[in-house]
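Next comes just one chain, in structure tokens: the form predicted alone.
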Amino acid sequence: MKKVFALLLALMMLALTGAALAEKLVVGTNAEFAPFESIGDDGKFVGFDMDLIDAIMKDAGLEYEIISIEFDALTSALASGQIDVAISAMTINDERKAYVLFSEPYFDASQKLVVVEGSPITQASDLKEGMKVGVQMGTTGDVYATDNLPVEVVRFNKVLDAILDMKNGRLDAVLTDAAPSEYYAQAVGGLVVLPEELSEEKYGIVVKLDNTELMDKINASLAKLKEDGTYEAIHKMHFAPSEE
């Protein structure tokens, strides 16, 4: 009887382990940051990050689903187990490294100012006390503006909301990453992206701090995609020329 019970217990444990392995990973993003992540007209997630993580997961043989949450909640969502992976144009920095595990870099970025056409602001040094600059909350743009600009920093959950507030005369400038700044300047119109690069940054994919097994799979697939040309093909779909 004991042998039968032990066998049944072993089978149950094996079934549970198999079920756990078959569970989908939950990938978190903030789908308000085109051209990296947004929601298309058909309701599906689109953008460079979305195509890249799809290729990585397929190469690694991992099932996944994507959810969108606020950008500044992504790291806490990893810590709590709400999500397993986050990809959302997240800059690799020492502060975040204390809470999450970063992949190898997959994109070079910088912060740029966006202003309305005809603005007297042509570079960061033109920003003065009393002016207002919009940023997306929790981003490196938020940190840069807070630490380096003599202005009132106005925080938004979405870059687009900041852009529209500026268009309506409530902000003097918006600070955001270079690629989204160009995207929104073209999409909204009447805007100028200033050429000055205010930072040098690299994006990384993140997992929970102790999840080295999953990160090893992500890094291996990322390296393979860069080597076999898949990364370049995805990049060309969203940007030209390649920055990598």
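Predicted, not measured: the structure shown is a model, and the values here were computed from it. Residue indices: 1-based, along the sequence shown.
Just so you know, the form predicted in complex with a small molecule exists too; it's not on screen, but the next bit is about it.
In summary, the region of this chain contacting the small molecule in the predicted complex, judged by heavy atoms within 4.5 Å and restricted to 207-215, 56-64, 28-36, 186-194, corresponds to 28-36. By the criterion of a heavy atom within 4.5 Å, M90 is counted among the residues contacting the small molecule in the predicted complex.
Although the partner is absent from this view, E201 contacts the small molecule in the predicted complex, with a non-hydrogen atom inside 4.5 angstroms.
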